[in-house]
Structures are given as C-alpha cells and as structure tokens.
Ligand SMILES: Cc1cc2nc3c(=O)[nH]c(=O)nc-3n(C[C@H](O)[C@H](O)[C@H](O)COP(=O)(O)OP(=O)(O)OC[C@H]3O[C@@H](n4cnc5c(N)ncnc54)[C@H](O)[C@@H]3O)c2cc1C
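One chain is shown next in structure tokens, namely the form predicted alone.
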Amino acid sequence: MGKIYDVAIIGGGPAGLSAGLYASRSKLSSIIIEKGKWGGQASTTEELENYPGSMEHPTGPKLMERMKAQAEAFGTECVKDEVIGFELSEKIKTIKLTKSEIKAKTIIIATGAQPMLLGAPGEDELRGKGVSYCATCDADFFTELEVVAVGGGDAAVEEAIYLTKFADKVTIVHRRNEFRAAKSLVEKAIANEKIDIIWDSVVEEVYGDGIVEGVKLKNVKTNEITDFKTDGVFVFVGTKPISDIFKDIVKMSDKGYIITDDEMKTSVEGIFAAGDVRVKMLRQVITAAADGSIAAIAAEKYIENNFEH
C-alpha cells in the first residue's frame, strides 16, 4: 500500500509549518504539500514587528525560512506539488497530487488566503507592470517614484508606510472617510510627510501604455471622476480564502472560509483547518502559527482514538 502518513498538511505558510513542527515533535509522520512559495503571505511581508520575540528588524522571509528548517529538523517532509483531488470514502484518506498520491490518517488544511482584486479595467493587463499586491516584493522598483496604495485596513496602512522607504510619495485612496486600521498605524501614516490621503474614493480604472501611468478616481459621494497621475498602484483591499478545492468536502462560510471548532476540527472527521483559510477574527502570523499547533495536537488525539497502535 505504500507509506501512510499520520498527518498530511496542505499549505506551507505559518499555519502549515507550525502544524508540521508540532506533529513531528509528537512523533507523528508528517508531510507538508505546498504549490507556491514556502511561508505563504508571510514570506512577502517585510516587517514582522508584531510577532512576539522577534529580533530587531525581523523579516517575514527570514522567519518563514527558520520555521521550515525547524519543522524539517524534527522530521517533517516538505514537498512542492499541487493538490488536485481527494478520495475520502475510506478511513485512510488519499490526497491526489499532480505527480503522485499521498495517503494519510488525517489532513490539516492550511492553504491560507490571497489578495482580493479591485476589478477595475486595466488592473489585470497592467499587473506586474505597475500594479502590485505586495509592497515587499515590488517596492524597490518604485524608488524615487510616486505610487497609490488602495485600501483602509491594517495591511493597507502598514504597506503604505513601508512604501515610503522607497517611493517619494504614497497616496492612500480609501472608499470611506476614516480608516479601519489600528489607531497607532493611522497616527504613524498621518505623521509621515511622504503620505497623502484621498478619502471617499475608489479606483475606477488603471491606465497606461504597457506600464502604469495613472488612475481614474471616482468620489463615491459626488460621483466626480478625476485623473490622477501615478507610477504604480498597490492594491490592499482584503483577502479571500484559498478554499475552492474543499467546497464540496467541508462546511464553509458564505465567503468561503472553512468553519472549525476551537480544536480546528472541520465538519469532516479527521480533517482539520488552520490559519487564514478558516473563519476567525484575526488573520496574522501569530494566530496562524497557534492554529497549526492546535490542529496538530487535535490530529494526534484523533489518531490515538481511531487507529490501532
């Protein structure tokens, strides 16, 4: 029958890596399947000042590198592949990958979430040509240039502040007349000389000839359209869960987030979910890591109760 893992973890962000670490340390055989970048969204976050115990000037990529190395040091296998389907009728679950199949007693879903798009004309065509969803990845391309940051939550304001390290000017465009972001962040942004704010406005169109040259802004109160010249557009308007492949398998919210209890159990026995992909109040590296550890321990208990030793 081949190897049967105790725990198969789908997703190699902080939730998945923590799950792997805790599972391996509990002497469970564990494997993490990641189709993209190890570390997930956290690996594109430059500063992680709110992660407890972080050293001075911590970076997302460094922390994720260490998390992966630590999980592997305890025996977690890490593979690059994509999950394309499941066979869940038996007690031993089968995960179908593009290159192979994996059999496991339990599954932990840790696929995370991804940035939402504006849906404005020109956004898709100019993606990577001035339109970005990751300041850490692309900020240095805009050194001494002017950029627009769209959004009003913590991520939008944090990323706008980060962009000021490179760009000469950052204009935050927000559809409301006040931010949803934490007060301390808002104060930091307002005090930053490089940041301007345009309230009550949305991006109606991104335009440029092969590269971003400007945006059309619409005032949501007056419907007035204005032309705003800019060298780049950074979009931070929220995230959506990466959960489509699980939609007929586990119960989800109307927004597609997986519903779990506080032990990370989903609606299906032996399947757990951790991190940004599940319904929760706060989506941060620290809460993802916590979810992963809980899911691994819950998986261990499930195995103890349902499989003979």
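Computed from a prediction, not measured in an experiment: that's the story for all the values here. In case it trips you up, residue 1 is the first one in the sequence shown, and so on.
This next part talks about the form predicted in complex with this ligand, which is not shown.
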Query raised in the report: Looking in the model of the complex, any heavy atom of residue 284 within 4.5 Å of this ligand?
Result: yes
Query raised in the report: Any of the heavy atoms of residue 265 lying within 4.5 Å of this ligand in the model of the complex?
Result: no
Report task. Verify the contact flag for residue 33: yes if a non-hydrogen atom of it lies within 4.5 Å of a non-hydrogen atom of this ligand in the model of the complex, no if not. Result -> yes
Report task. Decide whether residue 236 counts as a contact residue for this ligand in the model of the complex under a heavy atom distance cut-off of 4.5 Å. Result -> yes
Query raised in the report: Considering 27, 251, 37, 62, which brings a non-hydrogen atom within 4.5 Å of this ligand in the model of the complex?
Result: 37
**Report entry** Position in contact with this ligand when the complex is considered in the model of the complex, options 161, 217, 155, 139, heavy atoms within 4.5 Å
**Finding:** 155
Report task. Tell me the stretch among 75 to 83, 225 to 233, 143 to 151, 209 to 217 that has any heavy atom within 4.5 angstroms of this ligand in the model of the complex. Result -> 75 to 83
Query raised in the report: Can you name the residues of 4 to 25 that have a heavy atom within 4.5 Å of this ligand in the model of the complex?
Result: 10, 11, 12, 13, 14, 15, 16
